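First, one chain by itself in structure tokens, the form predicted alone.
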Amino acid sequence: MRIKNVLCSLALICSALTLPSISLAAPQKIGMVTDVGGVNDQSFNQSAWEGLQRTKKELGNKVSYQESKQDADYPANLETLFDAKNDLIWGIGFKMADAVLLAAKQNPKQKYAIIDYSYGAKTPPNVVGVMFKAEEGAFLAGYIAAKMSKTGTLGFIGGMSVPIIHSFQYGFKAGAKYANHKINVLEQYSESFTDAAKGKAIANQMLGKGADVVFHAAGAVGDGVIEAVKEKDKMAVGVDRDQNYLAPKNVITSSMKRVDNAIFNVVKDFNEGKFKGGSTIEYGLKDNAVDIAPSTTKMVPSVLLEEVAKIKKLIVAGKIKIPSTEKAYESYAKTLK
């Protein structure tokens, strides 16, 4: 009996010391295709790649990218990542919508994701769209720009006249008008996301008309915008990433869209078997996915920062409805006194 009790005790001890099973699954391979802005665009392509690099560092994913020089490169670059047997393939930017949709239909077992585009009810089951409430961050930037302006005139320079850029445009105008309903906002589209020289030329025209703060939502075109502002010693508002480093004395804030965080979150879910195919995920201020840049704290007076903090709470609570389209902006403008 004593021997039996000893054996039972040993069995219990061995059971308690049993190590948890270790997963030997290979790391998931994740690839992304940039749009024509390229991986070093100082904007959302670069932010996307930073997000993927973070998944490599923190989650162990194998990551890579294909860089597009022109729109015609999208299908071939997606095919390259498919042939490389990536588990999830990203298309970065709304310009890739048609190419990603075609690839998804041709390869129904392959998982895809796209930044800044929603296929709505027609989203294929092997695709997830990721959208941002860019108008929320732009509203905060517009408020700051209007409060910081000494001339009462601001500038907005968009890349292409498409819905995702409209959300920046009208969010910025709404925030500026919320701060000062008499503010004047000059607006122009460059019809490019790569022509920095054109961005500089448009910015110089606006500065010549009295604008002392210029906001761009135009990818690499913004490099020229910020250069013009720096040369004239005026103020700029960056986009997507914290762009203060491009002109530390001139970029007073940036309307950030945390593509990096969105990429990381979707990949983390994918690794855990929680791919939300057939749907669109929308991120906003309450998700810490859009905001103003951290560098704002060193460029903007503390009193103004306190005002912005209160506005953030109102936005998250749904007490400020921010327009993202021209029609919505027109309705919003009528409510201002």
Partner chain sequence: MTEILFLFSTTLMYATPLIFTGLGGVLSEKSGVINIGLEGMMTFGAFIASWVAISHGNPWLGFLAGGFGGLFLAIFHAIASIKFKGNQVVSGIAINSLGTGLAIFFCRILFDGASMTPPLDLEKKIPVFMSQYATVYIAFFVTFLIWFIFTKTALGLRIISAGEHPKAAAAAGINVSLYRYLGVLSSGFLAGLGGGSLSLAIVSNFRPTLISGQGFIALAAMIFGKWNPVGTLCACLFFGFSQALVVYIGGFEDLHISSQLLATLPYILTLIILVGFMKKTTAPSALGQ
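Positions refer to the first chain, counted from 1. The structure presented is a predicted model; accordingly, all values stated were derived computationally and were not measured.
There is another form of the same protein, the form predicted together with the partner chain; it is not shown, and what comes next is about it.
With respect to the partner chain in the model of the complex, the three residues Asn40, Thr194 and Asp223 uniformly fall within 4.5 angstroms at the level of their nearest heavy atom.
Of the candidate stretches 76-84, 201-209, 175-183, 133-141, only 201-209 has residues with heavy atoms within 4.5 Å of the partner chain in the model of the complex. For the residues Glu50, Asp287, Glu67, Glu307, the 4.5 Å heavy atom test against the partner chain in the model of the complex is passed only by Glu67.
Distance criterion of 4.5 Å from any heavy atom to the partner chain in the model of the complex singles out Tyr189 from the list Tyr189, Tyr119, Phe264, Phe94. Put simply, Glu227 is close to the partner chain in the model of the complex: some heavy atom of it is within 4.5 Å.
Proximity of Glu231 to the partner chain in the model of the complex falls within the 4.5 Å heavy atom cutoff. Although the partner is absent from this view, Leu246 contacts the partner chain in the model of the complex, with a non-hydrogen atom inside 4.5 angstroms.
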